[in-house]
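We begin with a single chain expressed as structure tokens, specifically the form predicted on its own.
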């Protein structure tokens, strides 16, 4: 299953939305507990009265999707597919707060309606008056990968000529506090660009939205080509994860030496990063490697941000220094491998190539 990425709309803690330059101005967050998205001017994409009724994640999702479609010159996509790990958390909190404050009586149904995981995909369809295929995947660390696989299958089956695929997750103060109690995050504030220097447990939480307009055919606007996507669940050992990746590369690219750059999901967690260090000594030992979660933070669909980075690297033929985690020379970019996992449970692999 292959598809061409025609355009991207990405909102993240970096300046990724405007498309002016590629990580030319990296945002550094000093003494940060978590990373929050830099929100765009919504008035440029939607009616202010409509946006007032939307929660923050819905506004970001709709805005990123509309920009993606605008850049591709598409008015109405053949399908809309999204992936989210936790959905609209702020609206869920608002509904639960109302439930408690009003003793489960006389509740406003709007926060509940808007708290469902498919709210963003539905809001995009309503705004575009799009009555085509619309689906949302909520599979924790596989959410974006499954959405992408669904989009690729739709193209392969000729059920749609183009597909809008997105990954999105938000972070709130309450969700940060709750997940901190589970030991998921660093116990101290840190500088995000030095994430890998903090060699203890936990990572840096974040959030983000990224939409991609996919099509079967190459055009002059095409940024990159998705060659393959695969997932595997909870490997027994680092060696098993290595075999899975080796089989994936052998099937779709032949020799691992044909990979020009590897983007890994290293997040600063001592235990979670062990598999990446293992691969750096074995399968990836001769390949230049990079990482990305110091720029966007850790969240269920962070691999969508990695796909944005891979697409821009292939388009610009430049690897920003801030992404590199070794001194291996980087030449012409033709094939980029993305490997990420969420808490050693959900593992995803992407192979992205030049057009």
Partner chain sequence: MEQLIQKLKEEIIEALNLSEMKPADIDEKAPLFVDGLGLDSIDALELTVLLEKKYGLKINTAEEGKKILHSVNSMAEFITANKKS
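Numbering follows the first chain given and starts at 1. Worth saying up front: this structure is predicted, and the values here are computed from it rather than measured.
What follows is about the form predicted in complex with its partner chain, which we do not show.
Although the partner is absent from this view, residue 286 stays clear of its partner chain in the predicted complex, with no non-hydrogen atom inside 4.5 angstroms. In the predicted complex, residue 73 stays away from its partner chain, with no heavy atom inside 4.5 Å. In the predicted complex, its partner chain sits within 4.5 Å of a heavy atom of residue 110. At least one heavy atom of residue 102 is located within 4.5 Å of its partner chain in the predicted complex. Comment: 50 to 58 is the region of 50 to 58, 314 to 322, 63 to 71, 289 to 297 lying near its partner chain in the predicted complex, near meaning a non-hydrogen atom within 4.5 Å.
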